[in-house]
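We begin with a single chain expressed as structure tokens, specifically the form predicted alone.
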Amino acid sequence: MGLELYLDLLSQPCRAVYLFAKKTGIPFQLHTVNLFKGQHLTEEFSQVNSLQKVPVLKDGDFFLSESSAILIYLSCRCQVGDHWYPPDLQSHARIHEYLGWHADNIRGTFGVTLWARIIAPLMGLQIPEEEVERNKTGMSQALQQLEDKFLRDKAFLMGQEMTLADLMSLEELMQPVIFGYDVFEGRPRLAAWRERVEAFLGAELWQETHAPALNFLDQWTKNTLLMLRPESYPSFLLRIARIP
């Protein structure tokens, strides 16, 4: 049996997995799991991932969650360029170093714009302005560390070639950009890195991958978004409560 991916392209980690599979030509069957409609909370999806989260990879009777684990698995299982996940030990270590830092400093920080601007108001909530400003400060600090520690004067985060780290990083940074906060403004090094990553992936694939998020924003702008499903409220409230 072929590979199957359970994704919602409104999600940054899902977009990273989708971009990787598409760019490397890995054949897969796509199962769209609409988080906004609460499809990840169904009993059917719980059989796929009891944690009720996406992305999920299915390879025969093997199921795998977490985007970084999926990207590493695909890099090792499939015939892809070595540059994505270089085979030598120190390169592995550098990518894992970044992914560890990413989990603590990027993931969860750069998604707040969507929650503050769109999802919380749809639930009749308003995130206090001081929390929004504190989040912007956190993003600014993380961006500076990303530049100083990882990007420096290189073309990509790990060197002169694209790796999994670039995919994971850029997709998180794109989330506030899509929803109205340009984190690249005033940061020419990061802006140039973004352009290199986008050029490497190609304009057509980039547009295809981000179309669902842009469509979501367009529906919100035109007041045509469907209301959140009641079953989604508990998990969404928990996410909002975790905003520092």
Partner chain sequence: MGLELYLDLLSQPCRAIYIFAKKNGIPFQLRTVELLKGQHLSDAFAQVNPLKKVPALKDGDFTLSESVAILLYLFHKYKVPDYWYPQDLQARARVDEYLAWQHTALRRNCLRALWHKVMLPVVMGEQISSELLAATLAELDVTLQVLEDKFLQDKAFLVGPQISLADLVAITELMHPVGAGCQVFEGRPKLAAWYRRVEAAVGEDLFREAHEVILKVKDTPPADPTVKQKLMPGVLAMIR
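All values reported here derive from a predicted model rather than from experimental measurement. Numbering follows the first chain given and starts at 1.
Beyond what is shown, the protein has a form predicted in complex with its partner chain; the following relates to that form.
Q: State the residue from Gln29, Asn215, Ser50, Thr42 whose non-hydrogen atoms include one within 4.5 Å of its partner chain in the predicted bound form.
A: Residue within 4.5 Å of the partner: Ser50.
Q. In the predicted bound form, which of the stretches 154-162, 114-122, 91-99, 169-177 has residues with heavy atoms within 4.5 Å of its partner chain?
A. Single hit among the candidates: 91-99.
Q) Looking at its partner chain in the predicted bound form, is some heavy atom of each of Tyr6, Arg187 and Trp206 within 4.5 Å of it? A) Checked in the predicted bound form: no contact with its partner chain for any of the three.
Q: Check whether Glu147 has any heavy atom within 4.5 Å of a heavy atom of its partner chain in the predicted bound form, and answer yes or no.
A: Taking the distances in the predicted bound form, the answer for Glu147 is no, it never comes within 4.5 Å of its partner chain.
Q. Do Arg242 and its partner chain come within 4.5 Å of each other in the predicted bound form, heavy atoms counted?
A. Contact with its partner chain, yes.
Q. If you check in the predicted bound form, is Asp104 within 4.5 Å of its partner chain, heavy atoms only?
A. The answer is yes: Asp104 has a heavy atom within 4.5 Å of its partner chain.
Q. For Phe63, is any heavy atom within 4.5 Å of its partner chain in the predicted bound form, or not?
A. Yes, contact at 4.5 Å.
Q | Sequence-ordered residues of 68-85 touching its partner chain in the predicted bound form, heavy atom within 4.5 Å | A | Residues within 4.5 Å: Ser68, Ala69, Ile72, Tyr73, Cys76, Arg77, Tyr85.
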